[in-house]
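Next up: a single chain in structure tokens, the form predicted alone.
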């Protein structure tokens, strides 16, 4: 009788093992990735991820949420509350930490160990992807925010060099305006205003940037250094033309590339859009870091990443593994970043081949130099530092300052601090 029972137990275990393996064999890896890349070079870049995911045997679906990060977060909260958490979501910095704290994120440690992610991902990103020591997200790229694009045509015509400090920038703008030309191409958007201010504060006082924009220190926001930064921003508004309202960042880019404006401050996604539009570096435009008064190499970092949420459906669980593996593959890191204008999050990818531009190669070398010099910061404007509620409050103040020239630099600094304190 005991032998019979043992045979039955053995048979049951074998049947369970067979059914489990059969389920895995028949699982169809699939995903529905939520993101906010709805147009332009960003949409083209995410389309490449879908193509590679399907080429690897997965079923790709996406939900594109246009507009602000807050729109994506609102949709995500709604889905999670409804018990329908998406399998994969494009999130950044503090958002990853916040969602990890809810216990809703999936654990990718086994895959990360098998693939050796800790050895190849840029150290600056590992703590972001592993907020509590476990991999919950896969980094897609590294963006540089503090790029200055200069019109080669205008600089050559006026005999000007690319400015390295803010005083040099102002002096160049004075000459450009005196020649009857637009100095700064800009479009009216709160994130674009804040992107510009990111570079201003950082380039004038890196310690102030860290205190105010990485730590949300309101005392630092009220300091003379911040007043000086707002004064520089006020000068820059004066160097812009009257047509900024309703202008997109792509139109601002084209103004510079076409020689209608001298300078454009924007992140390296500009490189991808310039390529798509047929512009050429060193012919139509020059790329350099935005001015810094303290010398050396500076780098304001932004990074796109995909966070994975716990799933019950085996197809989506398999899809998460395949999607994460695809994102972290050197092949995807090259394909995606060439299309996006950014650089790989993996440090072992050679940018001298594969179609990367000189601007992208410079981004990689400047990143390494900035890390060595201790000047690397994450971008407040692009949601890599403070909580979204603080960032949103600061963006409102900054864009109001750009729009309303009656606001003094002192008022701007105090309003910045007041806005953050109201959210605490």
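Being a predicted model, the structure only gives us computed values, none of them experimental. Positions refer to the first chain, counted from 1.
Below: the form predicted in complex with beta-D-glucopyranose, not depicted.
Here is the short version: of 198, 304, 205, 95, the single residue with a heavy atom within 4.5 Å of beta-D-glucopyranose in the predicted complex is 304. A heavy atom within 4.5 Å of beta-D-glucopyranose in the predicted complex is found for one listed residue only; from 332, 117, 269, 99, this is 269. Of the candidate stretches 29-37, 370-378, 357-365, 51-59, only 29-37 has residues whose heavy atoms lie within 4.5 Å of beta-D-glucopyranose in the predicted complex. Looking at residue 191, you'd find a heavy atom of it within 4.5 angstroms of beta-D-glucopyranose in the predicted complex. Using a 4.5 angstroms limit between non-hydrogen atoms, residue 399 is distant from beta-D-glucopyranose in the predicted complex. beta-D-glucopyranose is not shown here, but in the predicted complex it comes within 4.5 Å of a heavy atom of residue 340. Using a 4.5 Å cutoff between non-hydrogen atoms, residue 69 counts as a contact of beta-D-glucopyranose in the predicted complex.
If you take 361-399 and check each residue for a heavy atom within 4.5 Å of beta-D-glucopyranose in the predicted complex, you get just 382.
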